[in-house]
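A lone chain, given as structure tokens: the form predicted on its own.
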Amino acid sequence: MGKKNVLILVLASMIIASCGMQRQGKPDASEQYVVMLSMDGFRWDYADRVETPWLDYIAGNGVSTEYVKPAFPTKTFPNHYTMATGLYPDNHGIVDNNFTCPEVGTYRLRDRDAVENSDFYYGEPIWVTAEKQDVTAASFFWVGSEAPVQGVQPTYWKRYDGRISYSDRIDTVIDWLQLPLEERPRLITFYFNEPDSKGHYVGPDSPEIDELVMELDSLLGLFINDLKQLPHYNKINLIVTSDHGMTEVTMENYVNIDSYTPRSWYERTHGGNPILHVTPKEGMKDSILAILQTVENISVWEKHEVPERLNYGTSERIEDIVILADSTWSVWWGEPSTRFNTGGAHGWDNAKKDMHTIFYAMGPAFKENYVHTPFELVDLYPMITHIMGLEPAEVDGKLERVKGMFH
């Protein structure tokens, strides 16, 4: 028996008994809580490489899956808002980490005015669904929660500040869960920016990522132990997931768009390696397509020709031409650099296995020690509304793809 399996058994003997009595009996949907943590850029296989006893603990006492498929493009802002709304980026409006909306202006993830402007956000985030149905919600750094979408925000929310430690975020979530019943949120979403940030610098296959994954798992253990002290622990469903994976990039596998077409041919460019969407200047579209569609190691489509399986290309916020690097390749303007073309990146075709991510969940709604078939991040919204007995908005996600994990 492997070391990791032995550790799982030891943990089981130590802690399953301590929470087993609390988990007996299933509370009504109207009493259940959902607490969802996203650990940005947590690739589907990271937890298989090192000892992660607390993720294993959730899997043993709840549900896991081999991987979850993110929406395209496999970027942070589009996928966190997909998780929140149950819509693909084409339909929820956050089509990339940066883009131009003809009616509103330019959205950039570090532009506070843009991030807090509700006009950029379509759809109905899960916290809006909850609040509209008199369920108190809270969010600690989730895309869209800083803007009043449909005029509604979570009762409790935080303006993004990456300097706030993960321990402080955990403490705040526990504080929210200790509020008097009439003030207490039943839906909480919160966010860690790792292992994504480090993955960009050192690459997904580095020993530093292995160390960080074990550290994040330890923080998760502290959080679970805090949850277990709550008198209503038996009503809490914990979901741990992420927005996308990560893949290694090199300076050798690189396509420089400047080598084929001058930047003066373009009216607007948005996106970031490995996906660009661009609008040519008047009269240049055919020339750009004729040249770039012959370049190896990239795919180039007019937006209406993007493959249907990617669910991308109908939004007015996507530029006229979409350029996507092939797997293991990068694309950008100018010569490659060690800053941007070494380490790790994401954004590729969501069929690429390195872009897939994690899902672990436990609580009264979920089966125990159950491995579910892979599904999509867009399915999280209908999953949560089902658990909490909320009437869902119309979404792209499918409850049918996840209903097998419930009691």
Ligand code: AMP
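All of these numbers come straight from a predicted model, not from anything done at the bench. A residue's number is simply how far along the shown sequence it sits, counting from 1.
Missing here is the form predicted together with the named molecule; even so, the following discussion is about that form.
Enquirer: Is there a non-hydrogen atom of His200 within 4.5 angstroms of a non-hydrogen atom of the named molecule in the predicted complex?
Expert: Heavy-atom contact with the named molecule at 4.5 Å: present for His200.
Enquirer: In the predicted complex, does Arg112 come within 4.5 Å of the named molecule, counting heavy atoms only?
Expert: Because a heavy atom of Arg112 falls inside 4.5 Å of the named molecule in the predicted complex, the answer is yes.
Enquirer: Closest heavy atom of Thr279 to the named molecule in the predicted complex, within 4.5 Å or not?
Expert: No - in the predicted complex, heavy atoms of Thr279 and the named molecule never come within 4.5 Å of each other.
Enquirer: Would Thr247 count as a contact of the named molecule in the predicted complex, using a 4.5 angstroms cut-off between non-hydrogen atoms?
Expert: Looking in the predicted complex, residue contacts with the named molecule do not include Thr247, since no heavy atom lies within 4.5 Å.
Enquirer: Judged by heavy atoms and a 4.5 Å cut-off, are Asp56, Val240 and His356 together in contact with the named molecule in the predicted complex?
Expert: No residue of the spot touches the named molecule in the predicted complex.
Enquirer: If we take heavy atoms and a 4.5 Å cut-off, which stretch out of 85-93, 72-80, 286-294, 182-190 is in contact with the named molecule in the predicted complex?
Expert: Stretch with heavy atoms near the partner: 72-80.
Enquirer: I need to confirm a contact call. Of Tyr233, Tyr160, Trp332, Tyr156, which residue comes within 4.5 Å of the named molecule in the predicted complex, counting heavy atoms only?
Expert: Filtering the options by heavy-atom distance leaves Tyr160.
Enquirer: Though the named molecule is not shown, can you say which of Asn97, Asn311, Ser327, Gln150 has a heavy atom within 4.5 Å of it in the predicted complex?
Expert: If I apply the 4.5 Å criterion carefully, the residue I get is Asn97.
Enquirer: Using a 4.5 Å heavy atom cutoff, which residues in 246-264 contact the named molecule in the predicted complex? It's fine if the answer is none.
Expert: Residues within 4.5 Å: none.
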